[in-house]
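Next up is one chain by itself, shown in C-alpha coordinates, the form predicted alone.
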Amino acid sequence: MNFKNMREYLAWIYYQYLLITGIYVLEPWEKSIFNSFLFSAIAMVVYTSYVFVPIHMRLALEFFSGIFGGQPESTMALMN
(Lines give C-alpha, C1' and ligand atoms only; values in the text may rest on other atoms or scores of the structure.)
Protein backbone atom coordinates (compact mmCIF):
# COMPACT_ATOMS: atom_id res chain seq x y z
CA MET A 1 0.00 0.00 0.00
CA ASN A 2 1.55 3.27 -1.02
CA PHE A 3 1.37 6.59 0.80
CA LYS A 4 -1.45 8.05 -1.31
CA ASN A 5 -3.71 5.06 -0.72
CA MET A 6 -2.95 5.12 3.00
CA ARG A 7 -3.73 8.82 3.18
CA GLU A 8 -7.00 8.32 1.31
CA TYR A 9 -7.90 5.42 3.59
CA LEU A 10 -7.24 7.48 6.73
CA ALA A 11 -9.26 10.36 5.27
CA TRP A 12 -12.11 7.92 4.62
CA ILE A 13 -11.92 6.58 8.19
CA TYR A 14 -11.99 10.15 9.55
CA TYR A 15 -14.97 10.95 7.32
CA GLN A 16 -16.79 7.87 8.63
CA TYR A 17 -16.02 8.99 12.20
CA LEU A 18 -17.52 12.42 11.44
CA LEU A 19 -20.64 10.88 9.94
CA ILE A 20 -21.21 8.24 12.61
CA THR A 21 -20.78 10.60 15.56
CA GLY A 22 -22.64 13.42 13.83
CA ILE A 23 -19.98 16.00 14.57
CA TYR A 24 -19.69 17.08 10.95
CA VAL A 25 -22.45 19.64 11.68
CA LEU A 26 -20.58 21.25 14.59
CA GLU A 27 -18.44 24.36 14.58
CA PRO A 28 -14.67 23.75 14.72
CA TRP A 29 -14.44 24.80 18.38
CA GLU A 30 -17.33 22.47 19.24
CA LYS A 31 -15.60 19.62 17.41
CA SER A 32 -12.43 20.15 19.43
CA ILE A 33 -14.36 20.14 22.73
CA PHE A 34 -16.28 17.00 21.73
CA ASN A 35 -13.09 15.24 20.60
CA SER A 36 -11.33 16.26 23.82
CA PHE A 37 -14.06 14.71 25.95
CA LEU A 38 -14.22 11.60 23.78
CA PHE A 39 -10.49 10.96 23.75
CA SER A 40 -10.23 11.73 27.48
CA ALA A 41 -12.89 9.11 28.19
CA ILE A 42 -11.13 6.58 25.94
CA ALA A 43 -7.81 7.32 27.65
CA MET A 44 -9.38 6.77 31.08
CA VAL A 45 -10.86 3.43 29.99
CA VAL A 46 -7.54 2.28 28.58
CA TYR A 47 -5.67 3.36 31.71
CA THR A 48 -8.08 1.65 34.08
CA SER A 49 -7.98 -1.50 31.99
CA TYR A 50 -4.19 -1.46 32.09
CA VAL A 51 -4.10 -0.95 35.86
CA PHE A 52 -7.02 -3.01 37.17
CA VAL A 53 -7.55 -5.91 34.75
CA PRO A 54 -4.32 -7.73 35.74
CA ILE A 55 -5.25 -7.40 39.42
CA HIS A 56 -8.71 -8.85 38.81
CA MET A 57 -7.31 -11.64 36.66
CA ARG A 58 -4.89 -12.62 39.44
CA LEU A 59 -7.70 -12.58 42.03
CA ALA A 60 -9.95 -14.65 39.75
CA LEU A 61 -7.15 -17.14 39.18
CA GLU A 62 -6.58 -17.46 42.93
CA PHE A 63 -10.32 -17.84 43.53
CA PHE A 64 -10.85 -20.53 40.90
CA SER A 65 -7.70 -22.41 41.82
CA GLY A 66 -9.01 -22.53 45.39
CA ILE A 67 -12.36 -23.88 44.22
CA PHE A 68 -10.96 -26.49 41.84
CA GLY A 69 -8.50 -28.14 44.18
CA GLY A 70 -5.60 -25.78 44.57
CA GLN A 71 -4.05 -25.70 48.02
CA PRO A 72 -3.92 -22.41 49.89
CA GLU A 73 -0.48 -21.02 50.63
CA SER A 74 -0.82 -21.64 54.39
CA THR A 75 -1.01 -25.43 53.97
CA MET A 76 1.89 -25.39 51.55
CA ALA A 77 3.98 -23.55 54.13
CA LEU A 78 3.14 -26.18 56.74
CA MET A 79 4.17 -29.00 54.41
CA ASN A 80 7.61 -27.50 53.88
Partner chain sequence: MTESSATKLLNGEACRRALNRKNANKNGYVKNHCLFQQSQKYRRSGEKKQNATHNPSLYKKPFVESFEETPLLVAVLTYMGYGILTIFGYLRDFLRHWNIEKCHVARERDEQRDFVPLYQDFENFYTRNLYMRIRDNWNRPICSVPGAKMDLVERVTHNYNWTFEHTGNVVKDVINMGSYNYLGFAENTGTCADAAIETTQKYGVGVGSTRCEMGNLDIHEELEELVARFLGVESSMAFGMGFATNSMNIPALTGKGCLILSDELNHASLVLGARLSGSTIRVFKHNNMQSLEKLLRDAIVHGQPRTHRPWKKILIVVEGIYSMEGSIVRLPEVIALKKRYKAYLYLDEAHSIGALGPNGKGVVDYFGLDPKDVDIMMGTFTKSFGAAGGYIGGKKELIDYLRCHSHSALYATSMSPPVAQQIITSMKIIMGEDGTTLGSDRLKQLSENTNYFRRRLRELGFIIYGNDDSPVVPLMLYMPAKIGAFGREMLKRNIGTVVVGFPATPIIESRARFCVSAAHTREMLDTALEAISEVGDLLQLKYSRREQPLSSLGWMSEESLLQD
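These numbers were taken from a predicted model, which means no experiment stands behind them. Positions refer to the first chain, counted from 1.
The same protein also has a form predicted in complex with its partner chain, omitted here; what follows describes it.
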Mind checking whether each of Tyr47, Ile55 and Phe64 has a heavy atom within 4.5 Å of its partner chain in the model of the complex? no
Contact label in the model of the complex: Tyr24 to its partner chain, heavy atom within 4.5 Å: yes
In the model of the complex, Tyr14 touching its partner chain (heavy atom, 4.5 Å): no
So, in the model of the complex, is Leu10 in contact with its partner chain at a 4.5 angstroms heavy atom limit? no
Report yes if any heavy atom of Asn5 sits within 4.5 Å of a heavy atom of its partner chain in the model of the complex; otherwise report no. no
